[in-house]
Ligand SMILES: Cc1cc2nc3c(=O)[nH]c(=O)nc-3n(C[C@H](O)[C@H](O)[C@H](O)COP(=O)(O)OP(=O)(O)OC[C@H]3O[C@@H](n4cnc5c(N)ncnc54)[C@H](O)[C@@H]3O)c2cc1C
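The chain below stands alone and is given as structure tokens, in the form predicted alone.
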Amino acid sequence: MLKTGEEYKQSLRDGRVVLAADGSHVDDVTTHPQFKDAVENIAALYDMQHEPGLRDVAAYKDEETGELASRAWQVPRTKDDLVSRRELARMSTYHTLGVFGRPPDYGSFNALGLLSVADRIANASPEGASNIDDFIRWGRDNNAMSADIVADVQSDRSVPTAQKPGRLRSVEKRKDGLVVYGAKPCASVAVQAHVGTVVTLLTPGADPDANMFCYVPINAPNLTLVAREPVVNRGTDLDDHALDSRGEEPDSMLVFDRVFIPNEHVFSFRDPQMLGLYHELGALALWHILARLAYKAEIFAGTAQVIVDVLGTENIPQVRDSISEIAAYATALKAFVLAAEDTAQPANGVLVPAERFVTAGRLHSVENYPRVLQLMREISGQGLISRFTQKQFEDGAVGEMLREFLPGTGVSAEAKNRVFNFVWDLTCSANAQRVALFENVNATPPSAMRARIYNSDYRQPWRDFVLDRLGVDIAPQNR
């Protein structure tokens, strides 16, 4: 039930069809230059399940089987379970340095979100609700990595939603399942996953045949993954780019050319109530996103302090203010995470973190993310420009002068150079910009989160307190 990294890589050699950015059809994603570094990065997380010092974080003893299983598939039923899942998020975030938004411990949350609303699904389809339990067991037993397949393709907005040609929909309802046609974009990490959970959550005007919740193996016949252009240089040296050399999360568009989805893989179909369950179904996934961003903020804060230490600038008031602001950002995000856990409520046996703190926390995270990156750039000074490669340091006389001219405070010139190469990867590189874009639009953009907060009713007691204290009554028609 626990794959090694090598077993994970072998499991990806399953005949999946991937169209790389150079137009080539990929025979093996584990060796292809565009994907292999990211695959190795994920494989290391699989190996951590077997490391004595990390096993308790990455795995748990399953009550049903009595065997060790990946904690990524543990259903959180108690607060301790949520804390354990968060510790797993910390491990994967620290390992990937925060630039993989869809690590293996994230992908199960769509299924767990479905489990939290399974009672409502069962009203329309008892078989669909049962399929959720079966899928979670399958994911647990196979140590599977799942990808979100949620967003809809961007196309002509003047065309009604139900008529958009690229929408993923069932074009044939067979006795044994659905035949689907269309596309789903922005499937981060699908190239490296085993399955994808297809959910219709962002399309209020979806026609009945496009209203589907199911899962599909990534190697399903007639399914093609079209990968976007890479944003890291292939074969990047570890000394020059400690972050980018570890690969990137390769977003892709999934093209369904009459892909068959058996009934056993379908959770819900043509059930209109499902279109309104985005925040309920997605609560666990959104909580994971917030937890990952909180741990990523800790990496930012730690990196900012390293910058100041190697430059010897901590006595500059403006620099100290910047460090304090970044540290406060990290602390605030952690507080939102803990508050969401502390006020979590059960739903169908799943303990679901409180959405009010998750949404407010995510809004705070994405609104301040660009500010934090800019603060890190500012305190770096010319360090982000005066960066050199290891080969340049090895170039005889020039290398010697670089070592002579560019030492940091308490560190050699080469060590200082490694620091700023890393800061570049984290704040300025093409991959850094891709990640910043991802974080800004991931799940819900800021405008949608603000609207969600405004439309929530938890502010009502605060309002009523003020009116009561002032002795003011507002007529209902004016509210």
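Each residue number is its position in the shown sequence, starting from 1. Model, not experiment: these values are computed from the prediction.
Omitted here: the form predicted in complex with the ligand. The next part is about that form.
Novice: Would you kindly say which of Q154, Q382, Q163, N123 lies with a heavy atom within 4.5 Å of the ligand in the predicted bound form?
Specialist: Filtering the options by heavy-atom distance leaves Q154.
Novice: Just to confirm, with a 4.5 Å cut-off on non-hydrogen atoms, which of M401, A347, L338, L202 contacts the ligand in the predicted bound form?
Specialist: Only one option qualifies, and that one is L202.
Novice: Out of the stretches listed (411-419, 35-43, 51-59, 438-446), which one is close to the ligand in the predicted bound form, meaning heavy atoms within 4.5 Å?
Specialist: Going by heavy atoms within 4.5 Å, the stretch is 438-446.
Novice: Is D148 one of the residues lying within 4.5 Å of the ligand in the predicted bound form, judged by heavy atom distances?
Specialist: D148: yes, in contact with the ligand in the predicted bound form.
Novice: Flag V232 as yes or no: does it have a non-hydrogen atom within 4.5 angstroms of any non-hydrogen atom of the ligand in the predicted bound form?
Specialist: No, V232 is distant from the partner.
Novice: Does E355 reach the ligand in the predicted bound form, with heavy atoms at most 4.5 Å apart?
Specialist: E355: no contact with the ligand in the predicted bound form.
Novice: With the cut-off set at 4.5 Å between non-hydrogen atoms, does A283 touch the ligand in the predicted bound form?
Specialist: Result no; A283 lies far from the ligand in the predicted bound form.
Novice: Scan 111-125 and write down, in order along the chain, each residue with a heavy atom lying within 4.5 Å of the ligand in the predicted bound form.
Specialist: If the 4.5 Å heavy-atom criterion is applied to the ligand in the predicted bound form, 111-125 yields nothing.
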